[in-house]
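In structure tokens, one chain follows: the form predicted on its own.
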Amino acid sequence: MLGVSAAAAMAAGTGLIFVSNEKSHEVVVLDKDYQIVKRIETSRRPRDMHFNADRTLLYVACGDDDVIDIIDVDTLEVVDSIPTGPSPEVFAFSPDESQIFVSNEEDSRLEIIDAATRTSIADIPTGAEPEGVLVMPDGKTAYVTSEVADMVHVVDVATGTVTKNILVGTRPRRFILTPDGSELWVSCELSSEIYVIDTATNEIKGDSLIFVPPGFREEDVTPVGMAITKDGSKVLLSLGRANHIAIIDAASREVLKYVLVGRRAWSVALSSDESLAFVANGLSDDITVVDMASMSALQSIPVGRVPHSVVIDD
């Protein structure tokens, strides 16, 4: 394992913005002025990305080559790869970074990889096409969505078993966890819904949430990516083919504003000071920069074919 620290450290803080492009097989790097400074060739179909704790390394799941590539943030080069099962899409680290939890889309498994030895130590059956993965802060429980089964699976990490299946809307995709750990939000792409799960009981809280921008029909809304502010007051939700994000008051569940972005808004990420949000737009091949104070789009930046995820080293 290349320099993965078990202890959290200060971020490198380069200010660089990294965008994974599924179809051009690259991670595009932009500087603080949104100028492209490098296109890093990766294994095929890069998708989900995460930094290690000290942000010296960026891990990139590459779905068509069955690996997680590792990029050195200093040199901006791919320096290593970790083999996975078929078609890794989304992954998460355990809190101590000793394990990587990977949703392998094509074999319907949640794989757990030992980060030090790079070996698979658990292979947990899920419903078809697992995607979203989230590990709770205590490291004892993991959640994974199944797009085809319309379920969230609750996984006991110690035993590597599914302990509960929670039926949600159609084609569940991603998660966010509120900062107090009490609520797990689940985006359901094809039913245009957000479900909220009480993590104490693993039961659904209240009715599902539906957000439809003016001028659109409910079926136009295909929510996927989400982000939440550090104080838990606002949730940002990408609305897919409705070409907007919704900025939502997390407590009241009311929309503060819909922001027009690019085509098929897919993933959304916040800068560390939460002054800006970055939206990956899969069908317009660009990202949109959103000013959080005015809740308005500042500019769009072409990046390459089918951007999937954005992470910021700030």
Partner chain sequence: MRGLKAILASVLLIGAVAAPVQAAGNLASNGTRLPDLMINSADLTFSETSFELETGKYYRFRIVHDGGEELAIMAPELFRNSWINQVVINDLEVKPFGLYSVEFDDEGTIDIWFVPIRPGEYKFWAAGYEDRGLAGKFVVN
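Model, not experiment: these values are computed from the prediction. Positions refer to the first chain, counted from 1.
Beyond what is shown, the protein has a form predicted together with its partner chain; the following relates to that form.
- [ ] Please state whether all three residues His50, Glu97 and Asp180 have a non-hydrogen atom within 4.5 angstroms of its partner chain in the predicted complex.
- [x] Negative, none of the three is within 4.5 Å.
Open item on the list: To test your reading of this chain, name the stretch in 230-238, 216-224, 201-209, 76-84 whose heavy atoms come within 4.5 Å of its partner chain in the predicted complex.
Closed with: It is 216-224 that comes within 4.5 Å of the partner.
Open item on the list: Exactly one residue in Asp249, Glu41, Asp64, Asp31 has a non-hydrogen atom within 4.5 Å of its partner chain in the predicted complex; which is it?
Closed with: Flagged contact: Asp64.
TODO: Have a look at Val255, Leu260, Val37, Leu283 for me and say which one sits with a heavy atom within 4.5 Å of its partner chain in the predicted complex.
DONE: Contact with its partner chain in the predicted complex is made by Leu283 alone.
Open item on the list: With a cut-off of 4.5 Å between heavy atoms, is Arg171 one of the residues that contacts its partner chain in the predicted complex?
Closed with: Judged by the heavy-atom cut-off of 4.5 Å, Arg171 is in contact with its partner chain in the predicted complex.
TODO: Flag Leu190 as yes or no: does it have a non-hydrogen atom within 4.5 angstroms of any non-hydrogen atom of its partner chain in the predicted complex?
DONE: Yes.
Open item on the list: Is Glu111 part of the interface with its partner chain in the predicted complex - any heavy atom within 4.5 Å?
Closed with: Taking the distances in the predicted complex, the answer for Glu111 is no, it never comes within 4.5 Å of its partner chain.
TODO: Would you please decide whether Arg264 lies within 4.5 angstroms of its partner chain in the predicted complex, comparing each non-hydrogen atom pair?
DONE: Within the cut-off, so yes.
Task: Partner contacts in the predicted complex for 120-137 (non-hydrogen atom within 4.5 angstroms of its partner chain) - done: Heavy-atom contacts within 4.5 Å come from Glu129 alone.
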